[in-house]
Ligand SMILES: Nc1ncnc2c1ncn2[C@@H]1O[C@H](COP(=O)(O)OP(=O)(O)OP(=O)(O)O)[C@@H](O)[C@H]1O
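Quick heads-up: it's one chain on its own, the form predicted on its own, in structure tokens.
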């Protein structure tokens, strides 16, 4: 099965030839298959978010290639092959929840009735049915992030890119959002690439966890997460879950030490 994302010998150099030149990523190779949920962890400043931005064509590699659905990342962005969720929900305060979710469809020129129906469907998926006419300032942080996820999914992309979307939430809300996101992934069978600093979050959500080194970021280990596909509150109590979290912690320690 062809990969949804193929990162081929990618390096990223910022400010080349200048005094503040920084080699952020070095020779990254990674294939992500359809339906996988891949989390990327690593020390602060290792280039995790840069790697996600390369997949999303928000920056370009200095060398190597990034393919999404078999085409260059730039073309995939133009074709709206992916949805993206950032750490901040980045919602427009003057637009209702429904109007925020509809925005990508408006930009595509989709008819109003279809936009409204699709937004209603996505809000039901993220368990926000009945909040269509609320405004973002009337919602909690977790609810705002669910609106952002609904907006990312509204065009029907097969790939979801997420850059620490729950990093600003309290622990209990974050765990609940993990369960809700995993439920959405189960229902939709999307391919997901997820950036996080939390090893426990990465293990709970993922089919694979990619561990990156200190800068320049390299992939030092890929951990297969062999937990049951369906996960809930009981998953965090499983012996295997704790074993995988410890495995991720040791891998991250080695990465931080440059081993």
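Values in this document were obtained by computation on a predicted structure and should not be read as measured data. Positions refer to the first chain, counted from 1. We call the rigid core the largest set of C-alpha positions that still match within 1.5 Å between the two forms.
Same protein, other form: the form predicted together with the ligand, not shown, and the subject of what follows.
Of the heavy atoms in residue 9, none are within 4.5 Å of the ligand in the model of the complex. In the model of the complex, at least one heavy atom of residue 45 sits within 4.5 Å of the ligand. Under a 4.5 angstroms non-hydrogen atom cutoff, the ligand in the model of the complex lacks residue 229 among its neighbouring residues. Heavy atoms of residue 246 never reach within 4.5 Å of the ligand in the model of the complex, leaving it off the interface. Partner contacts here mean any heavy atom within 4.5 Å of the ligand in the model of the complex, and among 221 to 229, 64 to 72, 199 to 207, 46 to 54 they occur only in 46 to 54. Of the candidates 132, 116, 164, 175, 164 is the one whose heavy atoms come within 4.5 Å of the ligand in the model of the complex; the others do not. Interface residue among 158, 87, 98, 155, judged by heavy atoms within 4.5 Å of the ligand in the model of the complex: 87. Applying a 4.5 Å heavy atom cutoff to the ligand in the model of the complex picks out 14, 15, 22, 24 from 1 to 32, in order along the sequence.
Once both forms are overlaid on the rigid core, the distance between the two CA positions of residue 173 between the shown form and the other one is under 2 angstroms.
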